[in-house]
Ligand code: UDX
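Consider the single chain below, provided in structure tokens and representing the form predicted alone.
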């Protein structure tokens, strides 16, 4: 078993730390946030993620994991993973200052012949800058991008479809790949720079695919076709595949918008712009706007003083992450149109700097509503009986941007049901 240090305990860092500890490695998680470290040391996860606290508490009990704000704790670790944020700058580029500052701090604490593993999503050739900051010939730099999905992060960690390892040192690369003990995963060995691009290319391709799907949904509605049937048939083509073919209110979260923008800016700097990325970003904003237009049309052309009940705030189900959430973007647009918003989310109970009411339950949420708009695909919403809330609303209108609900069930209860991609 190896001794591993994880720098940064956000979504990626915490999932990696808990995952490696469960596999039997000795792990120390380092973070400058004292409150977060105290919380983690007590077995409390600062993020909502399936089974995170269960695995965290087990590893703490077995003394396979510990947390600290002290960088010197990495001194006994052979592998040091950088899992720090790379937020988006105003021009769309990725901010790697946290990565570089941390690397400089780590240099004097690293064990002889240890390995720095860059797991954060970073712009091309960031590994070279990290190497400069470390400034030690005995320390190897390995690029090992993460492919963890929020809501299924631990599942993705334990059962990855591929593990990408980029390095100029074949021995170090194999050592890093073996840490995962993933016998069924495809191991991709490559150079550092290619490994960095793989993550950006993967997320950007998926974002482009989702944007195309939402454009087809809008086109299908305009022609009285059924986008769900169109997309289902498309997915039967093995070259296309059935995944990521569901229309929605737009794509979001911390990865897709940030990574698409970062790749776009990086390509522009290299004088090889990728117009598809610009189109995907523009299309995504149009998708948010289309949901608002559906509301306006359903309510006679104006949303001024209309009471809108919103279901879902997180960017997708099974997470509490509202960063770049399409739900938040749609709500902001509804408010600009003069609507009064009452929102409900099974996990998210507050949103800063947004003029809306966050309801404690569905009954409170829909009371007096002129329309209900479903924006996040929480399975809890499928269990709602439309008959039980029909007397609470002012107008029986529901807009299902995720095509999650049973249309016939809601129409039988007297609701005007508006789906996404069909009439």
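Residue numbers count along the first chain shown, from 1. Because the structure is predicted, anything quoted here is derived from the model rather than measured.
Just so it is clear, the following notes concern the form predicted together with uridine-5'-diphosphate-xylopyranose (UDX), a form of the same protein that is not shown.
Proximity to uridine-5'-diphosphate-xylopyranose (UDX) in the predicted bound form, defined as a heavy atom within 4.5 Å, singles out one entry of 131, 316, 333, 296, which is 316. Note on contacts: among 119, 264, 199, 306, the single residue with a heavy atom within 4.5 Å of uridine-5'-diphosphate-xylopyranose (UDX) in the predicted bound form is 199.
Residues 310, 387 and 400 are none of them found to lie within 4.5 Å of uridine-5'-diphosphate-xylopyranose (UDX) in the predicted bound form, as judged by heavy atom distances. None of the heavy atoms of residue 73 is located within 4.5 Å of uridine-5'-diphosphate-xylopyranose (UDX) in the predicted bound form.
Among residues of the shown chain, residue 256 is one whose heavy atoms approach uridine-5'-diphosphate-xylopyranose (UDX) to within 4.5 Å in the predicted bound form.
Of the heavy atoms in residue 345, none are within 4.5 Å of uridine-5'-diphosphate-xylopyranose (UDX) in the predicted bound form. Contact between residue 246 and uridine-5'-diphosphate-xylopyranose (UDX) in the predicted bound form is found at the 4.5 Å heavy atom cutoff. Contact with uridine-5'-diphosphate-xylopyranose (UDX) in the predicted bound form, defined as any heavy atom within 4.5 Å, is confined among 168 to 176, 228 to 236, 246 to 254, 272 to 280 to 246 to 254. Using a 4.5 Å cut-off on any heavy atom, the residues of 138 to 165 that reach uridine-5'-diphosphate-xylopyranose (UDX) in the predicted bound form are, in sequence order, 146, 147, 148, 149, 150.
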